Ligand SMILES: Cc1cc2nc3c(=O)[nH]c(=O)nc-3n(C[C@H](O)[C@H](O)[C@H](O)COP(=O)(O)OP(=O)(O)OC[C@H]3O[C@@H](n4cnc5c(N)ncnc54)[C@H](O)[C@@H]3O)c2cc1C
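As a starting point, one isolated chain is supplied in structure tokens, in the form predicted alone.
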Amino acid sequence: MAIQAALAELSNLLGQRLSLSKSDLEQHGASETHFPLTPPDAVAYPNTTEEVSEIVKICARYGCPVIGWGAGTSLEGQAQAFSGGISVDFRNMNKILRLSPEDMDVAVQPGITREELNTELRATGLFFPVDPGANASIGGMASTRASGTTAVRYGTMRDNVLGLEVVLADGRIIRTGTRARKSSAGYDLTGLFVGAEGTLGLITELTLRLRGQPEAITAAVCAFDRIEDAVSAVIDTIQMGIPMARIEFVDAATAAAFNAYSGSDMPECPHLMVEFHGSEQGVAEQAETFGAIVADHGGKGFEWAMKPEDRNALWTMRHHAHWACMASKPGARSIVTDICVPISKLAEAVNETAADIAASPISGPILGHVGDGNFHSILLFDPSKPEEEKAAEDLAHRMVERSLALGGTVTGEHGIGIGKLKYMDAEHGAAWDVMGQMKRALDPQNIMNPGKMVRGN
């Protein structure tokens, strides 16, 4: 009865922008990975922050869950309505609100995607550097504290969000942060909401740090006979202080999937995919130093991508890795998991994970943003064979245990959602209880994305 009353009021507020259609509900209940279809009760399409505030106030009156929705590309069930409720889709709130080239910052609504933003910025000589691969919404990227291929040089969303506008669980609208590049005034509320996965409020505006488009960009691919040689080359590169813009690892299985999916002709062995940003001279020096490190570790077959179209093809192939790996086993489903370890432990973590997968009955290509110690496995299983799904779950579990034992984290960038909720206590201990206290203080009714991030919410 409560949800029906909430829907009636929301319909009066939004009219046709409140959808109950089956196709909309299923789209907003789907997962790109292994989580089951869990549609919300309705999908709301607000146009303004004030409408978001009214939506939340109505839902608070009736105890109705509220789940934010950007592009739906999260991997741990963050945007699915496991408790029912209203999915708030920000696709209509996709504008640039202010651009300040001289201050190298921009204010945007949450529904704009990273590709849309960078297209608009192209003529300014600036760009937004965070690149998680998927054409994700900026609001969703902030909510999951996304990073991606360029984080080794430019940082994660945590480093590139200066301030936020947020609608809290009672409908209040607050602003966090300023456009100043530093502040020691009060708690860092911006940092609190970045990565909160919508459990504390809905982000309705973001102020972002921009970077200058580099004078010169060069990318390359190189091959290795062994995983440990490629990873050792990464460790030496980072310890040498070479300012890599991207340094990505793919294993032999991923290279084979690229060949089949994208029509490339990579040798089926481990590879590094790299990119350098800077002046013409700086890029040349970085590439030369990196080449020497690769040679020391037995790397071979350097292929350079100097032209923009060649670089775009290279990184498009990398960004399509998930779909390439899925296509390598038609009909499969996947558990897509990531961990992140200190750079000195990277070789140990990757080698042990590769050996564990090789000894299992399923395949699991390994790839990742190894310049900051973060890597992924796409654990492929036949959904008609419970023993394969169990093997994938066990492999993912051991990856987490391995990361924690090496001083790492259960997720470098995919986030918690429900997929990794059970590991929060092992990583955070009593600090996880503090997170729960913060959740209850800001959302005592537990309507903001319930069941995610904190214990027993």
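Throughout, we count residues from 1 along the sequence that is shown. Because the structure is a prediction, the values reported are computed rather than measured.
What comes next is about the form predicted together with the named molecule, which does not appear here.
Could you tell me which one of Leu314, Ile362, Ile335, Leu202 places a heavy atom within 4.5 Å of the named molecule in the model of the complex?
Looking at Leu314, Ile362, Ile335, Leu202 one by one, just Leu202 meets the 4.5 Å heavy-atom criterion.
Sort through Pro270, Gly373, Pro132, Gly85 and report the residue having a heavy atom within 4.5 Å of the named molecule in the model of the complex.
In short, Pro132.
Given the stretches 180-188, 342-350, 226-234, 71-79, which is the single one in contact with the named molecule in the model of the complex, using a heavy atom cutoff of 4.5 Å?
Contact criterion met by 71-79 only.
Taking 4.5 angstroms as the cut-off for heavy atoms, does Asp251 touch the named molecule in the model of the complex?
Taking the distances in the model of the complex, the answer for Asp251 is no, it never comes within 4.5 Å of the named molecule.
Taking 4.5 angstroms as the cut-off for heavy atoms, does His322 touch the named molecule in the model of the complex?
Close contact exists here: in the model of the complex, His322 approaches the named molecule to within 4.5 Å, heavy atoms only.
Can you work out whether Thr176 and the named molecule are in contact in the model of the complex, taking contact to mean some heavy atom pair no more than 4.5 Å apart?
Because no heavy atom of Thr176 falls inside 4.5 Å of the named molecule in the model of the complex, the answer is no.
With a 4.5 Å heavy atom cut-off, would you call Ala146 a contact of the named molecule in the model of the complex?
The answer is yes: Ala146 has a heavy atom within 4.5 Å of the named molecule.
Quick one: which residues from 411-432 get a non-hydrogen atom within 4.5 Å of the named molecule in the model of the complex?
The stretch touches the partner through Glu413, His414.
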